[in-house]
Structures are given as C-alpha cells and as structure tokens.
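Given next are two forms of a protein chain, the same chain in both, each as structure tokens and marked structure 1 or structure 2.
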Structure 1
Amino acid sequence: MSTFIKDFIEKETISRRNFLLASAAGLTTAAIPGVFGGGAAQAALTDPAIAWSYRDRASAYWNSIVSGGEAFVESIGKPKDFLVNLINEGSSEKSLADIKAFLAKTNGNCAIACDANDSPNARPVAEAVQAAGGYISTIWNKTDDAHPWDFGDNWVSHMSWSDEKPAEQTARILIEAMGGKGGIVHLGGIAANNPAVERLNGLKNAIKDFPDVELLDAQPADWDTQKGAALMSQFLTRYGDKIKGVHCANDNIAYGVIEALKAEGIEGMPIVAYDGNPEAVQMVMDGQLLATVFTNPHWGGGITAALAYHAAIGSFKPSEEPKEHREFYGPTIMVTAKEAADFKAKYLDSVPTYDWTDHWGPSNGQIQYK
C-alpha cells in the first residue's frame, strides 16, 4: 500500500476516533480544537499547498473563480497547476471528503479557498481544517451562526455577496422600462439557495413602490437555461399578455427566457438578469437584456485563496483583524446598456491585474444578519 493511502487511512481513523470521543462527551465543536492544542498557539506555515474547493468546471462563473485563483498562485511565483482543484460536483459530502483528503495529504500544511456547497457544510469543513492546523477562507455558503472568529486563526475569512440591493436595482430598471405598470414574472434559482431568496426579495422590495406593478408569479428555474425556457413558456400560457417584464435570478435562466420568447415570436420584452457573464454582457450591449450584475468572480477567486495563503504564512494574524475583515461582502457592479461597452473592455476583454495583497480593498462592508 502506498504511504499516501496508509497516511490517509491513519488520519481518517484518528479523526474519526476523536470525533467519536468528543461526541460522546457532547463537545464536538469545542473538543476537537482542544485535542490539537487550538489555533492560537500555531506557528506560521512554510510553503503551504493551495487548493480551491468548488462546484464544477461547467460554468463561466466557477471558471472565472478558478482563473482568479490561478492568477494568485502565479503572483507568488508558482505555476498555475500549483493550485489544486477540489471539485465537489454539487455534493456537500464530496466537498468535505475532498478537503479532508487534501488536509491529510498535506499534513495540514495548506491554504484552502472554498465554497462549501451548502450552508450547513461550512461548519464541518472549518472544523476539519482547524483540527488539521490548515487555513481556510470561504465564500457564499455558511449558516448565520457560524463565524470565522469562533475558529481561531484557521477559518480566516468568509466573503458573501448581498444580492438583495442589486436585485432591487435591476427590478427598478425593469419597472422603469415597463413604464411603471404591468405584470412581472420571476424565474428563480434553486429555492433553498441563499442568493435565490435574496434576489427575489430584492424584486419584492422594488415592487412595493409601484402600486400598478404586480408580481404575477415567482417559481424556481434552478439556475438552468433549459428550465428557464420551459418555465417561461408555461408562464406565457398562464398569464399571456399580462406579462410585461421578466426578472431572472441569473444570466443562464435569462438565456432560456429569451429563447422561449423567440419561439413565440415575442420581441422587445424587458428582461433583467444577474451574474454579469460575458454572453449576458453582450446581450445587454445588443439590447436583449436591460441589465445584469457582475460580482467579479475572478477577484473573488484570487482574493479568497490569497487570504488563506497569507494567513497561513503569517503575513497577518486573522484573530487580530477587525470583524469586517473576517466576514465581508464582495463587490457588485451594475451593468446596463450605458456602461456595458466600458465594462466589457475593462473586465472581460482583458482581465485586470489585481494586487492580491490588498485583501479588503474592493470589498463591500461587514456582513449584516437580520
């Protein structure tokens, strides 16, 4: 048996035993850090391995995240493939298992950037990283009660994007294009996803100010082009001419909506989207979409890896940073017809070079809980 596999099994056995012992004592969260002496007393790591754990390579969004991660590892003089890709394929179990395997392989000498796939998975991931003495920075998914500062220095930071305000802004642009009256349908993301909830809330907030605007229906299209197309055609049967505007939770859904309308020979329907993918920006320039919102995944991918790495090598000590440096919002940029050409030239045609040691520059304030 290779030493790697042997090491891995040993690690797994040890951590499982600890987990059992700790569970027996009813102190899972508190006990594991105790067993390993806690994060506070750790020395900085030298030359830690770097990994990005994310959903898949099949979308522009995650590719952009990874390109940022690669730009960062290149900035510290490593080749692109120094960045290890841990792809969870939408499975939280795989996400956690991959990270545990990576921790075992590197003996905890690592910096991990991660989207935990769903909110409840963030805590076990952070616990595993802390137990192994590694460093992790997360984005998007975590529960409201889990905070990086409860995990010493090991959970370096969490970045999320508050989508409510930008989604409200796109809704206002939409309503303006509708002349301030008429029916809107919303095609949402996977119902339980945080951003899906926030983007719908943004629309609802905007509608409150317009008594002549009605939200006809809001249903999940699961972030998917195909489902977007099918759902839009079903809305057309149910509401017909009452639909005067379409609010989409992301760009992919909007592509499907546009095609469903094309099949019916409907042109010029006001549509707004979200994510700022290259195709969508082009559609904004062509007038097929009114607006989309860019969250700069390239910067997000780079800076998340950079935060974990610099905390790991001791460039800064997370526990000495203020809370707005541990939990913060990422940047959002509104893209409408007015700014689409400039935006495309600046962010899409050429990728800006970022200073990866400016950890919090473009961020957007501390995360607020309701």
Structure 2
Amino acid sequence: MSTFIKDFIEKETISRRNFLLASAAGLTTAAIPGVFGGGAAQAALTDPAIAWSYRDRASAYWNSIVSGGEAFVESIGKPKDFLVNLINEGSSEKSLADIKAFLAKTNGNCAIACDANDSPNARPVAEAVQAAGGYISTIWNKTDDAHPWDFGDNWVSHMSWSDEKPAEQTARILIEAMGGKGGIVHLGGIAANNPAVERLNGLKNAIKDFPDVELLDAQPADWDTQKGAALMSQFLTRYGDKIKGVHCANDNIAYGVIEALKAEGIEGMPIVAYDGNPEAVQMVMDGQLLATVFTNPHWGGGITAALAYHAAIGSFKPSEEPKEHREFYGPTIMVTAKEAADFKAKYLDSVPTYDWTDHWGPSNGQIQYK
C-alpha cells in the first residue's frame, strides 16, 4: 500500500506541473474568446453543452465524480468526451474564469455541474450563469445566505453532505481505539470549505463526551496528500508521543499521514478518514485505517450534471420544485472493517447503474442551517 501512496504523490506532482505549464502557455480555458448571451433565462435550451467544473481528476474522489458525469452523458446518447472538463486545480479565481469562458463560448447554451472550490465563490458563479442564460447545479460549497431559489431557474440545485454527524462517528471510532484518552490531531481541508468546517465540528462534538481526550491541534491540509504528510511531520515534531490518534478530513490527507508516520517508524497509529475512495477502503480492510465515509461520488457527479441538463432542456422547471429539491443532502455510508468487504463488492468492484432521471432518489432531505 505504501507503493500506492508514493505513486499517488508523484501523480499529483505531475498534474500540478502540467497545469502550470499549460497556464504559462495560455492554454487554460479562460483564454477562450466569446461574448455572453442574453441575461434572461430561456424556457428551454436546444442540445446544450455540458461541463463539470471541479478540482483535479488525479484525485480518486473527483475522478469518480466526473465518471458519474460521463455516465450521465452516455445515457443521453453522447460520447464521454462530450462532457467538458473545467479543472480549476483548487483555484476559485480559475473556477470562475473557466465558467465565464465556457458560458461565452456556448453563448449560454449550456448546463454546468460545479463545485465552486470555496463557499464565497458560489454566488459569483451563479450570477455569471444567470446573466448568460445557462443552467448550473452545484455541490459542496456555498455560503449559507446564497440559495438556488434566489436565482430563478438558472441555479437549479445545490447538494451537500451532512458531514458533521459522520465525522463525529469516525471520531468516536477513533477515540474508542485510543482507549478513551490521549491527544488527537486533526488535518483538515481548505478552511473556507463547508465540508472542512463540518468535519472538524464533528470531531469537536465527539471530544466533548471524553474528558481525557485532548484536541492537540487542528490545521488545514487543503485536501492534499503532500500537505498532509508535511503537516503530520510538523505535528510529530511538536507533540511527539502525545499524539494517540489522527482525524483526517479526507482520504488523500490520510495517505500523507501514513507516509509521515512510516518515515518516523510509527506503526499502528489509529487513523480515520473520509471519502470512501477505493484505496482507502482497501486500507480499512488491511487495518491501516479504522474508518472512512463514502459519499457516493459517482452518483453525485452524474445526478448533478443530470439536474442542470434536464432543467436546461425543460424536462422540469426548478422554480416549481419544493425547496428540498433545490437544496438537499447527498447519501453517506460509514465504512469500517466490519462492512468494508461487502461495501467494496457492492460499490467499488462494480459500479451500480443509476436512473439519471430519478433526480432525488438517494438524497437525504433538505439542507438545514444552524
């Protein structure tokens, strides 16, 4: 499994290098010329272009998201490459620029699925799409005061995942493995990301019930394997053997944590993660991770593209749907050693076939705000 992590880090490095070279050469999608279409939403679009705006396909999570988008595209009789990939490499500025360029190229005749990268970016993205007359469905990141129903039909929907409770569950599994005492470090995502905030809150909620457990430190690792490894090395230098457990905001970070521990000759450290990537599930089966949480990214990626597309062609009118169809939670599944083999067989060894017209089938109710 350590070979996988080494290869994973090298793949991330190559991906970043290629992105920087492309940017320097002016090859990013932001360079596409064009003008925006009219600002009014059309009743229905004809054969709209479809795009997915996301972080980086080198990640197993985002690869699964986009694979779902491709499966949806194939379900409407298009080839996989009909789906345009708008890869932002974790830059909110590039995310917005790429979407504006795509809107310009298509004159607004498009359906976009998008993770805005950080919460404040969702509003300007939605405003750009509305002004161009396109349609967009988003996942994960938006501010609490930005709602699809405030943008008519153009911002079709937003899906997030109720991360706080599952993250609390993984924290309790971690604390149990620690014998209910000792220090925990948390390696988080991007600070402005909704899931990063909720996953840290879940850990804090669990710790409240354990007076002998201390949160030694919590720092962002930006969802990144290499940053996770570097941050874990810093934690080990600072806290040493006070660290009895590690709470990771996603699987990619956990890979870096494992490498940092290995470099110090530390084995058997209790670690929990999040995302349910195939490699992480195997690590659960092998005893390297206690638990991870699956958010069914294949379904999430496909249904987000499907919602934007079907709203664009007039299959349904978003403004006539109840609010629980405009903002809703996606599904989550806890994966521990007990369930890992069955889970792997059902969701990873063979990807389930989904009905992409069943827009809200596996969803988990309307998003709630505190």
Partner chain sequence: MAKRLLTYENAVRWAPLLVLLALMLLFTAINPAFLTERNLARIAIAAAPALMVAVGVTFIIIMGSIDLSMEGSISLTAVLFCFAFVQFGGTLAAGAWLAVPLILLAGAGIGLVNGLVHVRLRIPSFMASLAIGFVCTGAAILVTGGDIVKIDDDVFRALLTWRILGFPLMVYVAALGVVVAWVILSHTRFGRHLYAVGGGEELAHASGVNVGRVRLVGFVLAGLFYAVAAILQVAKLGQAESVTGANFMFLSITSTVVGGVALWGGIGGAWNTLVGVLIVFVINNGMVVIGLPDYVQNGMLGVLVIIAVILSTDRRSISFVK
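We call the rigid core whatever largest set of C-alpha positions still superposes within 1.5 Å between the two forms. All values derive from a computational prediction rather than experimental measurement. Counting starts at 1 and follows the sequence of structure 1.
Note that the form predicted in complex with the partner chain is the one shown as structure 1, not structure 2. In the core-superposed comparison between structure 1 and structure 2, the C-alpha atom of N296 has shifted by less than 2 angstroms. After superposition on the rigid core, displacement of the C-alpha of C248 between structure 1 and structure 2 amounts to 2 Å or more. Once the rigid core is overlaid between structure 1 and structure 2, D81 does not reach a Cα shift of 2 Å, moving by less than that. After superposition on the rigid core, the Cα atom of L215 is displaced by 4.0 Å between structure 1 and structure 2.
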